[in-house]
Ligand code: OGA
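Here we start with a single chain on its own, the form predicted on its own, put down as C-alpha coordinates.
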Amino acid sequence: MPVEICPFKDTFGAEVQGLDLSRDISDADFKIWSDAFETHAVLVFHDQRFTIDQHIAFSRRFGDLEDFPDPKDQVNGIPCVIRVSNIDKYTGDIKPVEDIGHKSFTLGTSAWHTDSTFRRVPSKASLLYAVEVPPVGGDTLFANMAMAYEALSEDKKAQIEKLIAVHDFEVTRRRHSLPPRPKAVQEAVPPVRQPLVRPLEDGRKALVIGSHVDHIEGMDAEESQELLDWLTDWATQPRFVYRHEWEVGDLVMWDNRCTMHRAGSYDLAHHRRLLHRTTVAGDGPLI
(Lines give C-alpha, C1' and ligand atoms only; values in the text may rest on other atoms or scores of the structure.)
Protein backbone atom coordinates (compact mmCIF):
# COMPACT_ATOMS: atom_id res chain seq x y z
CA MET A 1 0.00 0.00 0.00
CA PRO A 2 1.54 3.34 -1.01
CA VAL A 3 2.02 6.03 1.62
CA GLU A 4 -0.66 8.70 1.42
CA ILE A 5 -0.87 12.04 3.24
CA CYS A 6 -4.47 13.09 3.92
CA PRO A 7 -4.76 16.70 5.17
CA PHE A 8 -7.50 17.39 7.70
CA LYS A 9 -10.45 19.48 6.59
CA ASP A 10 -11.08 22.86 8.23
CA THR A 11 -7.91 22.74 10.33
CA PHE A 12 -4.19 22.07 10.09
CA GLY A 13 -2.55 18.64 10.37
CA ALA A 14 -2.83 15.44 8.36
CA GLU A 15 -3.25 11.67 8.66
CA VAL A 16 -0.53 9.41 7.30
CA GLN A 17 -1.87 6.23 5.72
CA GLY A 18 -0.02 3.20 4.39
CA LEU A 19 3.01 3.38 6.69
CA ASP A 20 3.55 0.50 9.16
CA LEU A 21 5.92 1.81 11.83
CA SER A 22 6.78 -1.71 13.00
CA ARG A 23 8.60 -2.36 9.72
CA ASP A 24 11.77 -0.91 8.25
CA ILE A 25 10.95 2.38 6.55
CA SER A 26 12.55 2.98 3.17
CA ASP A 27 14.34 6.24 2.44
CA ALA A 28 11.63 7.13 -0.07
CA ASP A 29 8.80 6.57 2.41
CA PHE A 30 10.69 8.39 5.15
CA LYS A 31 11.07 11.40 2.84
CA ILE A 32 7.29 11.46 2.33
CA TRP A 33 6.86 11.38 6.10
CA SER A 34 9.52 14.05 6.70
CA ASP A 35 8.12 16.35 4.00
CA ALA A 36 4.61 15.96 5.44
CA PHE A 37 5.90 16.84 8.90
CA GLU A 38 7.42 20.08 7.59
CA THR A 39 4.20 20.95 5.76
CA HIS A 40 1.44 19.99 8.21
CA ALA A 41 2.96 20.41 11.73
CA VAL A 42 0.81 17.62 13.21
CA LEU A 43 0.72 14.09 11.78
CA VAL A 44 -1.54 11.25 12.92
CA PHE A 45 -0.89 7.52 12.39
CA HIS A 46 -3.72 5.12 13.34
CA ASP A 47 -3.63 1.40 14.19
CA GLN A 48 0.09 1.16 14.91
CA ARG A 49 1.78 -1.59 16.93
CA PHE A 50 5.50 -1.30 17.57
CA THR A 51 8.06 -1.90 20.32
CA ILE A 52 9.79 0.73 22.43
CA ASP A 53 13.02 0.04 20.54
CA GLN A 54 11.21 0.65 17.24
CA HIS A 55 9.70 3.85 18.64
CA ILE A 56 13.21 5.06 19.47
CA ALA A 57 14.62 3.97 16.10
CA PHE A 58 12.15 5.79 13.84
CA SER A 59 12.19 8.86 16.11
CA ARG A 60 15.97 9.05 15.79
CA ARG A 61 15.69 9.34 12.03
CA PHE A 62 14.54 12.91 12.70
CA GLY A 63 17.52 13.70 14.95
CA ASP A 64 19.01 13.15 18.38
CA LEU A 65 16.54 12.45 21.18
CA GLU A 66 16.25 14.35 24.42
CA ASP A 67 16.78 12.55 27.72
CA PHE A 68 14.39 13.05 30.64
CA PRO A 69 16.27 13.60 33.93
CA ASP A 70 13.68 12.18 36.35
CA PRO A 71 13.87 8.33 36.50
CA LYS A 72 10.29 7.98 37.72
CA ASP A 73 9.04 9.32 34.39
CA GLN A 74 11.16 7.06 32.18
CA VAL A 75 9.85 3.97 30.37
CA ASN A 76 11.77 0.85 31.46
CA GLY A 77 14.63 3.04 32.68
CA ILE A 78 15.23 4.35 29.15
CA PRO A 79 16.06 8.09 29.48
CA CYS A 80 14.77 9.09 26.02
CA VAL A 81 11.24 7.65 26.45
CA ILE A 82 8.85 9.30 28.91
CA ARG A 83 5.60 7.96 30.35
CA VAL A 84 2.59 10.27 30.00
CA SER A 85 0.25 8.58 32.43
CA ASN A 86 -1.87 8.50 35.56
CA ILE A 87 -0.70 4.91 36.21
CA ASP A 88 1.99 4.09 38.77
CA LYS A 89 4.88 2.47 36.87
CA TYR A 90 5.75 0.16 39.77
CA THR A 91 2.33 -1.06 40.95
CA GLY A 92 0.25 -0.66 37.79
CA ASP A 93 -2.45 1.07 39.85
CA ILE A 94 -3.99 4.45 39.12
CA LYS A 95 -2.13 7.11 41.09
CA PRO A 96 -3.96 9.08 43.79
CA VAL A 97 -5.16 12.34 42.31
CA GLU A 98 -3.47 14.28 45.13
CA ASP A 99 -0.08 12.58 44.69
CA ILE A 100 2.33 15.54 44.43
CA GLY A 101 4.29 14.23 41.43
CA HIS A 102 1.16 13.24 39.57
CA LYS A 103 -0.68 16.45 40.44
CA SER A 104 2.23 18.52 39.15
CA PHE A 105 2.30 16.58 35.90
CA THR A 106 -1.44 16.81 35.24
CA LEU A 107 -1.60 20.51 36.11
CA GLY A 108 1.37 21.18 33.86
CA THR A 109 0.16 19.23 30.84
CA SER A 110 -3.38 20.61 31.06
CA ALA A 111 -2.06 24.13 30.41
CA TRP A 112 -1.02 25.28 26.94
CA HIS A 113 2.70 24.66 26.49
CA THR A 114 5.40 23.62 24.05
CA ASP A 115 7.66 20.72 24.96
CA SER A 116 11.17 21.69 26.07
CA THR A 117 11.08 25.46 25.67
CA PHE A 118 12.65 25.37 29.15
CA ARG A 119 15.81 23.88 27.59
CA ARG A 120 18.54 26.05 26.06
CA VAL A 121 18.01 24.13 22.81
CA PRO A 122 14.23 23.78 22.43
CA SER A 123 12.97 20.60 20.83
CA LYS A 124 12.11 19.96 17.21
CA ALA A 125 9.36 17.36 17.50
CA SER A 126 7.49 15.03 19.86
CA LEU A 127 6.15 11.57 18.97
CA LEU A 128 3.42 10.35 21.36
CA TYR A 129 2.05 6.80 21.23
CA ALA A 130 -1.20 5.65 22.87
CA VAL A 131 -0.92 2.42 24.89
CA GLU A 132 -4.05 2.87 27.04
CA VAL A 133 -6.69 5.57 26.69
CA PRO A 134 -9.75 6.47 28.78
CA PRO A 135 -13.22 5.75 27.37
CA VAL A 136 -14.10 9.45 27.55
CA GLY A 137 -11.89 12.55 27.45
CA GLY A 138 -8.12 12.77 27.53
CA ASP A 139 -7.94 14.42 24.10
CA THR A 140 -4.89 16.48 23.12
CA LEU A 141 -5.35 19.93 21.60
CA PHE A 142 -2.78 21.54 19.32
CA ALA A 143 -2.49 25.23 18.43
CA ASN A 144 -0.55 26.42 15.39
CA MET A 145 1.81 29.21 16.48
CA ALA A 146 2.84 30.12 12.94
CA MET A 147 -0.76 30.60 11.83
CA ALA A 148 -1.46 32.61 14.98
CA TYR A 149 1.56 34.86 14.43
CA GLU A 150 0.73 35.45 10.76
CA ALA A 151 -2.80 36.56 11.68
CA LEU A 152 -1.59 39.22 14.12
CA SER A 153 -1.85 42.87 13.17
CA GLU A 154 1.33 44.53 11.92
CA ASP A 155 1.33 46.76 15.02
CA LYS A 156 1.21 43.74 17.34
CA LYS A 157 3.98 42.01 15.39
CA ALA A 158 6.15 45.09 15.73
CA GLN A 159 5.43 45.26 19.47
CA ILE A 160 6.57 41.69 20.20
CA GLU A 161 9.21 41.11 17.48
CA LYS A 162 12.29 41.70 19.65
CA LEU A 163 11.00 40.61 23.04
CA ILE A 164 12.77 37.95 25.12
CA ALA A 165 11.03 35.65 27.60
CA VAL A 166 12.49 33.58 30.43
CA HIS A 167 11.31 29.96 30.48
CA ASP A 168 11.54 27.91 33.67
CA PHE A 169 10.15 24.40 34.29
CA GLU A 170 9.64 25.29 37.95
CA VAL A 171 7.16 28.05 37.17
CA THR A 172 4.11 25.76 36.96
CA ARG A 173 4.93 24.20 40.31
CA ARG A 174 5.21 27.63 41.92
CA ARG A 175 1.93 28.77 40.40
CA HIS A 176 0.14 25.79 41.95
CA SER A 177 1.96 25.98 45.32
CA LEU A 178 3.70 22.66 44.73
CA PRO A 179 7.11 21.80 46.20
CA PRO A 180 10.16 22.24 43.95
CA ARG A 181 11.71 19.32 42.09
CA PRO A 182 14.89 17.69 43.42
CA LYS A 183 17.95 19.94 43.17
CA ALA A 184 19.70 17.66 40.66
CA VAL A 185 16.69 17.75 38.34
CA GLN A 186 16.49 21.55 38.58
CA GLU A 187 20.19 21.88 37.83
CA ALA A 188 19.78 19.74 34.71
CA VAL A 189 17.30 22.26 33.25
CA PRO A 190 17.92 25.76 34.67
CA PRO A 191 15.91 28.82 33.48
CA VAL A 192 16.64 29.90 29.89
CA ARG A 193 15.98 32.91 27.65
CA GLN A 194 13.98 32.40 24.45
CA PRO A 195 12.71 34.88 21.83
CA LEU A 196 8.97 35.55 21.94
CA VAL A 197 8.97 35.20 18.14
CA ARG A 198 11.18 32.66 16.36
CA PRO A 199 12.02 32.37 12.66
CA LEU A 200 11.21 29.08 10.92
CA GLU A 201 13.26 27.43 8.19
CA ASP A 202 10.61 28.12 5.54
CA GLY A 203 10.73 31.89 6.18
CA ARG A 204 7.64 32.06 8.39
CA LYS A 205 7.69 33.07 12.06
CA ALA A 206 6.05 31.51 15.11
CA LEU A 207 5.18 32.55 18.65
CA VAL A 208 7.14 30.95 21.50
CA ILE A 209 4.78 31.15 24.47
CA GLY A 210 3.05 28.74 26.87
CA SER A 211 3.01 27.78 30.53
CA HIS A 212 6.79 27.37 30.79
CA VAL A 213 7.22 31.14 30.40
CA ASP A 214 7.95 32.87 33.68
CA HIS A 215 8.14 36.45 32.45
CA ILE A 216 9.10 38.76 29.58
CA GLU A 217 12.33 40.69 30.09
CA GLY A 218 12.02 44.46 30.47
CA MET A 219 8.40 44.36 31.69
CA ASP A 220 6.97 44.44 35.19
CA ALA A 221 5.18 41.28 36.30
CA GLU A 222 1.66 42.56 35.62
CA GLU A 223 2.45 43.93 32.15
CA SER A 224 4.32 40.76 31.22
CA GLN A 225 1.49 38.44 32.30
CA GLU A 226 -1.08 40.62 30.58
CA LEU A 227 0.71 40.31 27.24
CA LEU A 228 1.32 36.58 27.66
CA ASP A 229 -2.33 35.98 28.51
CA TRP A 230 -3.45 38.03 25.50
CA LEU A 231 -1.15 36.12 23.14
CA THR A 232 -2.29 32.76 24.54
CA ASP A 233 -5.95 33.66 24.11
CA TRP A 234 -5.23 34.84 20.58
CA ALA A 235 -3.23 31.77 19.58
CA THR A 236 -5.74 29.24 20.94
CA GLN A 237 -8.76 30.45 19.02
CA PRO A 238 -10.64 27.55 17.34
CA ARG A 239 -9.38 28.61 13.89
CA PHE A 240 -5.80 27.80 14.97
CA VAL A 241 -6.57 24.58 16.90
CA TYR A 242 -6.74 20.85 16.10
CA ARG A 243 -8.20 18.44 18.69
CA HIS A 244 -7.02 14.82 18.63
CA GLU A 245 -9.31 12.15 20.09
CA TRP A 246 -7.03 9.27 21.03
CA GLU A 247 -7.47 5.63 20.15
CA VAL A 248 -5.15 2.82 21.27
CA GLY A 249 -2.44 2.43 18.63
CA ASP A 250 -2.39 6.10 17.60
CA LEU A 251 0.95 7.80 17.12
CA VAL A 252 0.81 11.58 16.90
CA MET A 253 3.88 13.56 15.86
CA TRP A 254 3.96 17.33 16.19
CA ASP A 255 6.33 20.16 15.38
CA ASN A 256 7.43 21.91 18.58
CA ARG A 257 8.92 24.74 16.51
CA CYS A 258 5.48 25.98 15.53
CA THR A 259 2.85 24.39 17.78
CA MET A 260 1.64 24.52 21.34
CA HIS A 261 -0.52 21.82 22.95
CA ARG A 262 -2.38 20.79 26.08
CA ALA A 263 -4.05 17.68 27.48
CA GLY A 264 -7.82 17.62 27.82
CA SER A 265 -9.45 16.49 31.07
CA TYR A 266 -10.63 12.97 31.89
CA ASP A 267 -11.55 10.95 34.99
CA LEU A 268 -8.08 10.75 36.56
CA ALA A 269 -9.30 8.77 39.55
CA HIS A 270 -11.02 5.94 37.66
CA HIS A 271 -9.86 5.79 34.02
CA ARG A 272 -6.41 4.65 32.92
CA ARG A 273 -4.29 6.59 30.42
CA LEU A 274 -0.79 5.62 29.30
CA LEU A 275 1.19 7.07 26.42
CA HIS A 276 4.89 6.89 25.54
CA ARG A 277 6.72 9.94 24.19
CA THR A 278 10.02 10.54 22.49
CA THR A 279 11.24 14.07 21.86
CA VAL A 280 13.54 15.04 19.01
CA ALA A 281 16.10 17.65 20.06
CA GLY A 282 16.40 20.94 18.20
CA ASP A 283 19.32 21.88 16.01
CA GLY A 284 20.65 24.67 18.24
CA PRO A 285 19.74 27.50 20.63
CA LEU A 286 17.46 30.31 19.46
CA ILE A 287 19.55 32.98 21.18
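One-based numbering along the sequence shown. This is a predicted model, so every value here is computed, not measured.
Omitted here: the form predicted in complex with the named molecule. The next part is about that form.
Asker: If you check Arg198, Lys124, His113, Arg119 against the named molecule in the predicted bound form, which one has a heavy atom within 4.5 Å?
Answerer: Looking at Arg198, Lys124, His113, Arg119 one by one, just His113 meets the 4.5 Å heavy-atom criterion.
Asker: Since exactly one of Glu132, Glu170, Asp139, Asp73 fits, which has a heavy atom within 4.5 Å of the named molecule in the predicted bound form?
Answerer: Going through each option in turn, the one that passes is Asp139.
Asker: Just to confirm, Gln186 within 4.5 Å of the named molecule in the predicted bound form by heavy atoms?
Answerer: Judged by the heavy-atom cut-off of 4.5 Å, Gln186 is well away from the named molecule in the predicted bound form.
Asker: If you check in the predicted bound form, is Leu207 within 4.5 Å of the named molecule, heavy atoms only?
Answerer: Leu207: no, not in contact with the named molecule in the predicted bound form.
Asker: Contact between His40 and the named molecule in the predicted bound form at 4.5 Å, heavy atoms?
Answerer: No.
Asker: Is the gap between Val16 and the named molecule in the predicted bound form 4.5 Å or less for some heavy atom pair?
Answerer: No, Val16 stays farther than 4.5 Å from the named molecule in the predicted bound form.
Asker: Would you mind picking out the stretch of 230 to 238, 256 to 264, 23 to 31, 58 to 66 that comes within 4.5 angstroms of the named molecule in the predicted bound form, counting non-hydrogen atoms?
Answerer: Of the options, only 256 to 264 has residues within 4.5 Å of the partner.
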